[in-house]
Ligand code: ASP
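Starting off, we have a lone chain in the form predicted alone, written out as structure tokens.
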Amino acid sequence: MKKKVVIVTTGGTIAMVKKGEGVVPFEKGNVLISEIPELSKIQNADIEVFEFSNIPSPHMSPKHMWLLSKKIDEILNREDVIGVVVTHGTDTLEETSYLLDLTLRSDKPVVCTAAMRNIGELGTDGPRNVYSSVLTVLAPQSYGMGVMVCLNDEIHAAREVTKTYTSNVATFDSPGYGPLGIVDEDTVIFFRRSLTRERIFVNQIEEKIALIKTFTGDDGSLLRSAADMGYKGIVLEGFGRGNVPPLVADAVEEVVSKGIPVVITSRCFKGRVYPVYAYKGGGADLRKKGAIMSEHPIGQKAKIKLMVVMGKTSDIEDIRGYFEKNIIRRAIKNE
């Protein structure tokens, strides 16, 4: 009996058609995916399609992501299933894939994919992306690789990948890392394995996490407001190494004193934040005020991680341990 690859559909452009004045979800759900002709040519596995949802990518909420994680774990527990492909909208694909990467308990391969062009558009990329993703699941090297993202015949690690272009089919990239591998015709080729992957097994997540981007002249009002509005944790996207304007530093100290963790990231998508600068608002100053340095610079990734970590603990120093694993102790002592 052949193993099964289950395609879990959630919606997005890959399941949309042009109707009237714009592109909208297809009223027959994700049937367009199950009708991709190339899937019937796959000889070494059966394809099963499970419709989880049919929503646009911006409608994907933390609750949806968490329920999706639990459903995929349930599917992967089946002995007849070799792996899962998740179809999704591109706007929030990197968030959903990273939450899955952190929380899924199985080592069976999970590949997330999407489309930048709807099924009726010239040069639609959805069918090929789904086909390449199924091939990636079937590749023996995919076992234990963590959740992957496959579009445009490139395979990326969920933790590292980000959307870089609003409309181009080559939108997904892993700045500073590069792809894990490629799909060339019908062959899956891996170049490397991600060494930064981690897993955090939880029974719940904290959905109420804010992501705030600082700016020149920022006085900290937005940060304070987020705390006042009841957000349980805040990711603050700073400049460069994670530095912020001086008045924002005051707000960070106030918010942390209330027991609300503030995780510092950067608007740069390469490198990492680091407590280098000791002037008011510099990374070292913020850390002295109780802020947490996120070694992953991309804000939306840090937000997902904080949601997961706070499903386990709300203690700021415990949370720090998940975000500052590789910060050199000597540097901290010299603050």
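We number the residues from 1 along the sequence you see. Since we're looking at a predicted model, the values are computed, not measured.
In what follows, reference is made to the form predicted together with this ligand, a form of this protein that is not presented.
### Query
With this ligand left out of view, which of 207, 91, 253, 73 would have a heavy atom within 4.5 Å of it in the predicted bound form?
Exactly one residue meets the criterion: 91.
### Query
Though this ligand is not shown, can you say which of 111, 235, 115, 223 has a heavy atom within 4.5 Å of it in the predicted bound form?
Contact residue from the list: 115.
### Message
in the predicted bound form, is there a heavy atom of this ligand that lies within 4.5 Å of any heavy atom of residue 16, even though the partner is absent here?
### Response
Heavy-atom contact with this ligand at 4.5 Å: present for residue 16.
### Task
Spell out, yes or no, whether the shortest heavy atom distance between residue 57 and this ligand in the predicted bound form is within 4.5 Å.
Residue 57: yes, in contact with this ligand in the predicted bound form.
#### Entry: this ligand in the predicted bound form: contacting segment from 133-141, 245-253, 115-123, 188-196, heavy atom within 4.5 Å
Looking at the partner contacts, the answer comes out as 115-123.
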